[in-house]
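One chain follows as structure tokens, the form predicted on its own.
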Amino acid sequence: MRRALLVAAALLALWIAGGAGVLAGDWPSWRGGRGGVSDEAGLPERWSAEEGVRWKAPLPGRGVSSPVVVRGRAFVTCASGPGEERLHLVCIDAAGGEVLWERQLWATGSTQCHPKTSMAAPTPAADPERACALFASCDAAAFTRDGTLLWCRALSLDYPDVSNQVGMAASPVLWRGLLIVSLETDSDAFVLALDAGTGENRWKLPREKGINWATPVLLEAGATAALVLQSPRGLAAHEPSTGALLWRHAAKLDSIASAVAGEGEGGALVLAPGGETIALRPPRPGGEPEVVWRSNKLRTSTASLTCYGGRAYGVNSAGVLTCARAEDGEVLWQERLEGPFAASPVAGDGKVYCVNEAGVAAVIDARPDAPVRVLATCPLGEPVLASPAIAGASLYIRTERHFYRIGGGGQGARR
């Protein structure tokens, strides 16, 4: 157990090193930028709509994007209006749940999408200076921490061939002053790096056309960084400051669930979901990635994998949670949960949290010798499609219409 926790801590340190000014307890982007893993302690084990809720805040519209939390401020996007043409970014005091500011934009691109999703589908990204939002209408904007508009881009007007009738969903990556967005559709496909301070293009990477909702994954260790892009055709890693290709691996992968970083005996791994999950070891400069293992037993659906304590966790369309050893893919155990699941699992403090579409969270004991896998089932009574955030010894859960903080104190008090 001690070794597994040390491995998890070491991997977290690699991710955290890339976020200048972002504290270890922050959750600055989709899945925290760390594959849904937190080093927070004292996380809650039981709650309901009436008990264990520190605060509950109403939201001005619906959405399926996840919340982010940076230095005591929580950010969440919403969409409202008959056609979800009104776009919202809301900043909430993480300690008390009060709305500090709200900014609204009109959608300039198409707001047509599947009824299950929303224009507020991509998760925002934040750092101590700014909060950046990308909406499914291909509108992007950045604001200072106090809500002053820095810039706004109508990307559908700049790139009119980008069109997805089902809805866009890939979340942006904020890295060292760049906001990296993935817009991949049947009619046009590319990854675009914007200056986070001005909104101007820094680089544009053409991609093979095809609908793709997978969010890019940033891997960073010291001075080495790689932006890993997933599509149904495989993985490609690029240098995030320029977009230059580092390596590529062809495989039949998912277009919804995203890749995640993990750790095996031989070092860092990238776990990518598809017809079978593959585990790749990133190469040294100029080399080729190594396929460490493949497994058709560790399959997912909408939810992405989580790698925590040397173990990979994935929940499939039938609601079966599978735990496998990250270093070789061996399945260690399976547990049937009440599904279906759209939100990806998150983990910390020896627990894995799986929240289903009805808003019921299964709290899983992640200790290797746990006598009981499911510690508790915790209902909120509202639909949940967004992955939770972890910060300040708490879970932050956005339902379709509300924003909850579950659990205790910590860094939420800092403004």
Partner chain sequence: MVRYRATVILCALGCSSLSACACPAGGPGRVARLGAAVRAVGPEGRGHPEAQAAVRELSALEPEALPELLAAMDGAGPVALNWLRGAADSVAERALRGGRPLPGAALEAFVLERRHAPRARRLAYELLAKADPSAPERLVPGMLDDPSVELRRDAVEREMALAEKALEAAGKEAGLAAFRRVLAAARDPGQVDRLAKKLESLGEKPDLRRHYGFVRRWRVVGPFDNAGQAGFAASYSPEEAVDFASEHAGKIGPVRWVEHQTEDPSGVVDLNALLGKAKGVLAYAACEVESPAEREVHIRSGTPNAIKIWLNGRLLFQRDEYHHGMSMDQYVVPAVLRPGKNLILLKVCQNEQTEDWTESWTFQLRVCDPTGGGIL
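Numbering follows the first chain given and starts at 1. Since this is a predicted model, take the numbers as computed values, not measurements.
Keep in mind the form predicted together with its partner chain is missing from the figure; the text below concerns it.
The three residues V99, E102 and G197 all sit with a heavy atom within 4.5 Å of its partner chain in the predicted bound form.
Checking N296, Q165, T224, T242 for any heavy atom within 4.5 Å of its partner chain in the predicted bound form turns up a single hit: Q165.
Just one of G287, G275, P160, P206 comes within 4.5 Å of its partner chain in the predicted bound form, counting any heavy atom, and that one is P160.
In the predicted bound form, at least one heavy atom of R86 sits within 4.5 Å of a heavy atom of its partner chain. Contact annotation: G147 falls within 4.5 Å of its partner chain in the predicted bound form, judged by heavy atom distances. Put simply, H249 is far from its partner chain in the predicted bound form: not one heavy atom of it is within 4.5 Å.
Of the heavy atoms in S231, none are within 4.5 Å of its partner chain in the predicted bound form. Per the 4.5 Å heavy atom criterion, its partner chain in the predicted bound form is contacted by stretch 152-160, the sole one of 302-310, 337-345, 318-326, 152-160.
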